[in-house]
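Only one chain is shown below, in structure tokens, and it's the form predicted on its own.
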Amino acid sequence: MKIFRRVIISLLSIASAFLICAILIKIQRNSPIEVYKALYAYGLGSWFSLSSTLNTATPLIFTGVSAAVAFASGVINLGQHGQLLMGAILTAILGVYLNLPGLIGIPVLVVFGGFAGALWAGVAAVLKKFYRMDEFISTLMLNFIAEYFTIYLATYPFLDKKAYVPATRLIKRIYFMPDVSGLSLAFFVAIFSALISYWYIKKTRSGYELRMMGHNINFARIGGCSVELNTTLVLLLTGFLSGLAGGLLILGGTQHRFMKGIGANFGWDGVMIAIIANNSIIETLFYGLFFGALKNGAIGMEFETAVPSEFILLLQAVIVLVVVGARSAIEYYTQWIRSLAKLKKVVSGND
């Protein structure tokens, strides 16, 4: 019943957000019907659109699950963007110089991309363990270091001089990840990773300890959970997921090289998706697909209508505000009604 209620709240909130944005579109003297029709057509209306949407959703799923696992454990990892970039740059460099058969090289490069993200998150873990630095600050600031460090590597030591923008050379063609009618196999890796993460959090002892930390860290410590060790584990695990996103952007994307701006907003959007999903991995998976459809549809929407693709940023923001606001309001008033009912019972018993 609780899951059903959350689904209904989410669907009604999303519908309300679309209605609010439709009013804004109308105020600008555009047709909401035409805008949303183009958004659907280019996001889901054909197999080409759908496969492009699923490819766009792939890094969102990784970064969203990364943020959801961290937040659900009471650990604040805001470093998905930097961890993704570190995974991408290492995969791009190794993809040029590594000499392995394709069937072996692709999984090796994927794992190395994940390790790069984990190591970058490990910097925050070390600062947390030995210097008590809040991971909120360290993971956030490491994003900017990763941004400029990877741009430096792509601009100077590993620059492809034939490229028009700062970029590394193309990885070897044998490392191009196969696709199924335009749908990259990276998408299936993302789904598998999300399901494994769900199983780990829900079905293992270590996952139980992480969930207890998320509910009440002091209770978890008193109950015998190794909070410090688990915090390090969470940072490494979630960094690995974000690093996978970066590695698969290189192997399964269309560019097959590291380029300035390749990370886009995937890391930040993943954090937003985890928040709107209330740190639920399954809901994060759904919102990753949903936001992927919005992003992919926005490009065609701009071609077909006078509404710019940046409108999707507004739509996403309104969806987050409405969904989170509605959920918080319902929880608040539900608790208020229950407390009032209990108070009435106490008063009636005293009488």
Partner chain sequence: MAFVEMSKIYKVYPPNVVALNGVDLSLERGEIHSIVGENGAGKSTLVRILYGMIKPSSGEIKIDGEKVQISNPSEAMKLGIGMVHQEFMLIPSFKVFENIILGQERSTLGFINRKKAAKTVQQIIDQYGFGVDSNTVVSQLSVAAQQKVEIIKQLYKKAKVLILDEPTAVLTPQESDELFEQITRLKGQGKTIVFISHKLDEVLKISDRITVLRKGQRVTTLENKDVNAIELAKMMIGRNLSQISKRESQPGKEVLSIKHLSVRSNRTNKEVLSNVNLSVRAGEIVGIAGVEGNGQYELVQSIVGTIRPYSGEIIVNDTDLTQAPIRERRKLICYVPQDRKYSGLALKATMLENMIMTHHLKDEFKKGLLALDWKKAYSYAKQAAEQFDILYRSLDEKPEVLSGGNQQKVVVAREFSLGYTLIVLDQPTRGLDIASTEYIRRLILQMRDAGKAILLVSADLDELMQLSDRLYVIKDGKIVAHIDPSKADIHTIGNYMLGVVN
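In this text, rigid core is short for the largest set of C-alphas that superpose within 1.5 Å between two forms. It should be emphasised that the depicted structure is a prediction, and the values quoted were computed from it without experimental measurement. Numbering follows the first chain given and starts at 1.
We do not show the form predicted together with its partner chain, though everything after this point is about it.
- Segments offered: 200-208, 117-125, 95-103, 246-254. Contacting its partner chain in the predicted complex at heavy atom distances within 4.5 Å is 200-208.
- Residue-level contacts in the predicted complex: of M259, M212, I275, L170, one residue has a heavy atom within 4.5 Å of its partner chain, and it is M212.
- The closest heavy atom approach of V165 to its partner chain in the predicted complex falls outside 4.5 Å.
- With a 4.5 Å cutoff on heavy atoms, R221 counts as touching its partner chain in the predicted complex.
- Among heavy atoms of T155, none comes within 4.5 Å of its partner chain in the predicted complex.
- Interface membership of N265, defined by any non-hydrogen atom within 4.5 Å of its partner chain in the predicted complex, is ruled out.
- After superposing the rigid core, the C-alpha of L343 moves by 2 Å or more between this form and the one not shown.
- Annotation for T334: C-alpha shift of 2 angstroms or more between this form and the one not shown, rigid core superposed.
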